[in-house]
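Next comes just one chain, in structure tokens: the form predicted on its own.
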Amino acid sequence: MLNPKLLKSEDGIRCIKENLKKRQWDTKDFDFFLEEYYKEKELKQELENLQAQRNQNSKQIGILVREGKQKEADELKAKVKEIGEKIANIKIKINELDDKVKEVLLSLPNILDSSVPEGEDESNNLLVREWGNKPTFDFDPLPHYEIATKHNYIDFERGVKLSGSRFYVYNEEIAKLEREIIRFMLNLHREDGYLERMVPFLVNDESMIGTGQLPKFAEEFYRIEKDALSLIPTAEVPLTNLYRDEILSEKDLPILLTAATPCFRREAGAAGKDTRGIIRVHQFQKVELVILSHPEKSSEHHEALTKQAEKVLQKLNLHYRVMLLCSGDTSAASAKTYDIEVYMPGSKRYVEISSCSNFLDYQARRAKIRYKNSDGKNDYLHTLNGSGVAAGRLVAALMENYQKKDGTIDFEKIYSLIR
């Protein structure tokens, strides 16, 4: 959530509007929000005036009664009653407006970092760096889904039979491979200071609000209405919300967390994209990295977080590139995001395998995560997260990069890199 102080000045409002335009967002909702916001402010001021008037009249009634002026006292009582009715009606209107204002305020995106380039979509993202070289083969490499089908590594048909499109079943070797690379990633991150957690896969609405999934992106995840719980789209949600409504000590920052969880996504806006294979599916496993940072250190932690995710690919000798997302491609909650894209030689393209974001105090304000600063005051910390990395996409990348001429996979080589 944005700092409410931005709404109290013309410069702040101008900043929000410019940010919306830079993100390619329609500003109509914000204009409507301002109308409702100002109406609410006017009603609150009117409410205060009426309450003060009622209190003053109530005191006067006591004086009149003591002076024996009952007629005047009764007339004033009628006036106080009328004021009370107005107050009750205004309170109803304020509550209605308050709900609308809160909904829009929660939907407004974060203010982008000044280094984020302006652009409409991924075609405007900037290359930051590359690592390694594209692999070479003495044969024409296959995409992972053809390898999977040819050697029965992944059973797509039975996945569809069990759950529908974009579900799959790993058979022996690939099931083992994903288990082993998850173990490898968790151990790697633990060695570098990340604290491992095992978290719930179902979370309440407060948790989804805290990290920005609700209210705007409700159609993008699975929800169990009966229990008012949602399946996590990423471990970012439970890991960040571990400290919701808490005040931490400054000396405890930064807090580095990691967890391996299944992730569940409806992919509602991804019709027709990556329909073959395991790149864009409804259920997948991912190792997540989350940092709770002192505000002055979050930019530094963002760079370190990204390099931590890169380390996974370097250990596996996979060629990749790091892209700085443009304004139109940066998620609503993020102020700045790097995408790490691994090269897929069979598909002959780069695929996002990790997204590393700095949210500044946006999530912390929503989740009320604070720390006591050096002045003894409570302040909002900064949150960051990144995939470290998406296990399913890593499996696909390994299948394509370590395939042999007969279409089988060099598992021995892969396991030698992660032991």
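Here the structure is a predicted model, which is why all the values come from computation and not from measurement. In this text, residue numbers run from 1 along the sequence as written.
One more form of this protein, predicted together with the RNA, exists but is not displayed; see below.
- For residue 80, a non-hydrogen atom is located within 4.5 Å of the RNA in the predicted bound form, even though that partner is not displayed.
- Contact annotation: residue 67 falls outside 4.5 Å of the RNA in the predicted bound form, judged by heavy atom distances.
- Not displayed here, the RNA is kept clear of residue 419 by more than 4.5 Å at the level of heavy atoms in the predicted bound form.
- Proximity of residue 374 to the RNA in the predicted bound form falls outside the 4.5 Å heavy atom cutoff.
- Heavy atoms within 4.5 Å of the RNA in the predicted bound form are found in exactly one of 349 to 357, 382 to 390, 51 to 59, 26 to 34, that being 51 to 59.
- Proximity to the RNA in the predicted bound form, taken as a non-hydrogen atom within 4.5 angstroms, holds for one residue of 304, 199, 126, 247, which is 247.
- Contact annotation for 362 to 395: residues with any non-hydrogen atom within 4.5 angstroms of the RNA in the predicted bound form are 370, 372, 378, listed in sequence order.
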